[in-house]
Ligand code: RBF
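Shown below, as structure tokens, is a lone chain in the form predicted on its own; questions about how it binds or moves come after it.
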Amino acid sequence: MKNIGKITAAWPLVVLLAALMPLAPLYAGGKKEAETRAPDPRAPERLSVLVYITGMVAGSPPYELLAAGAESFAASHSNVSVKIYEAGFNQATWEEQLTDLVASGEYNLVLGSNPSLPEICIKVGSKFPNQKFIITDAQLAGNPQICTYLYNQYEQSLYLGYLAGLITTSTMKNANAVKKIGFIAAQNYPLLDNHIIPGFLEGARRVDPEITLDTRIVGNWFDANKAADLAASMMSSGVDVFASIAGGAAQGLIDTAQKNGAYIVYHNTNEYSKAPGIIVGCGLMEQKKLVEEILADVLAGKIQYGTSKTVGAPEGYLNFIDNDPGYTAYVPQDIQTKFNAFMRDIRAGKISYTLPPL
């Protein structure tokens, strides 16, 4: 009877548990499960980011956007800290500087944006096998410490070149009868030589296959006087539309174009206000957006190191600023109509081209 009494006393508890059992699967599949799920082991609790600027921030749109994206992300995440380090223009010192910074052990992540950085990070990473690097505007796959994101600069140059072609063959005030456009760059590097310059010329030749391209190299990222001299020489040979990737040196081109009468299309950022009526087209690199997304993925443990991804206009990371008065007020409507249609097709991935290897 004692045994029967024990069973009888437990019976209300059994009934209560049985009544609750149907609710368990519903509860387990809801919010509580998400809250108690084990975190991704790759996700750091705190993230300390070294933004390594190979040059100076001021005057370089990609670096300005890189720093802005990292600082914006840190401002909204209390467990993220950011240090902006400007390495200057002496490339011979970049590896040593980065080695010293990484050796401190202060940073979970080194974030940079330069096509030459992967080679440097390989060397630095070999000394510090736990250090991770993420580099935009660069391409490298296969190194387990490094993840890269390459902007499709061939594509951006293609549509900027198309606009340059429309302008040089137009009757705009500063356009002449010579079918010749120009490009002033700070220095030669694979992305410039294999993607940016060829893309710019191809875009122009989609307007008129007889257009030629005059390319000049400043030799550094700061000599505005030399860039001005190069621009004057190029204009004397018939160039009436320019593009430039030259950092602070590009100011020399802008000054010469304003003084002597020529047009400029700009890569990566909105520069219309620097020379209204002279700068008549601006591409846009969504570097700030990409950096914020990258850091969110780092915190979530979603970054796949050892991989490289190419991003462009169809993916939303390259664009053209077509709603600024610097474009709408100074570019004739017939050119805007043709270019805007081309740009819509670029965004939709409808323009076919062959992306050359780097």
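In this text, all values refer to a predicted model and were calculated from it rather than measured experimentally. When you see a residue number, it is the position in the sequence shown, counting from 1.
From this point on, the text means the form predicted together with this ligand, which you will not see here.
Shown here without its partner, the chain carries Gln139, Asn143 and Ser308, none of which come within 4.5 Å of this ligand in the predicted complex through any heavy atom. At a distance threshold of 4.5 angstroms between non-hydrogen atoms, Tyr63 is in contact with this ligand in the predicted complex. Shown alone here, Gly199 lies farther than 4.5 Å from this ligand in the predicted complex, counting heavy atoms only. By the criterion of a heavy atom within 4.5 Å, Ile245 is counted among the residues contacting this ligand in the predicted complex. In the predicted complex, at least one heavy atom of Met285 sits within 4.5 Å of a heavy atom of this ligand. Here the chain stands by itself, but in the predicted complex one stretch of 227-235, 207-215, 69-77, 106-114, 106-114, has heavy atoms within 4.5 Å of this ligand. Just one of Val102, Ala87, Ile84, Leu191 comes within 4.5 Å of this ligand in the predicted complex, counting any heavy atom, and that one is Leu191. Note on the partner interface in the predicted complex: the residue among Ser126, Asn176, Gln91, Ser273 having a heavy atom within 4.5 angstroms of this ligand is Gln91. The partner is not shown here, but in the predicted complex the stretch 144-162 reaches within 4.5 angstroms of this ligand through a heavy atom at Gln153 alone.
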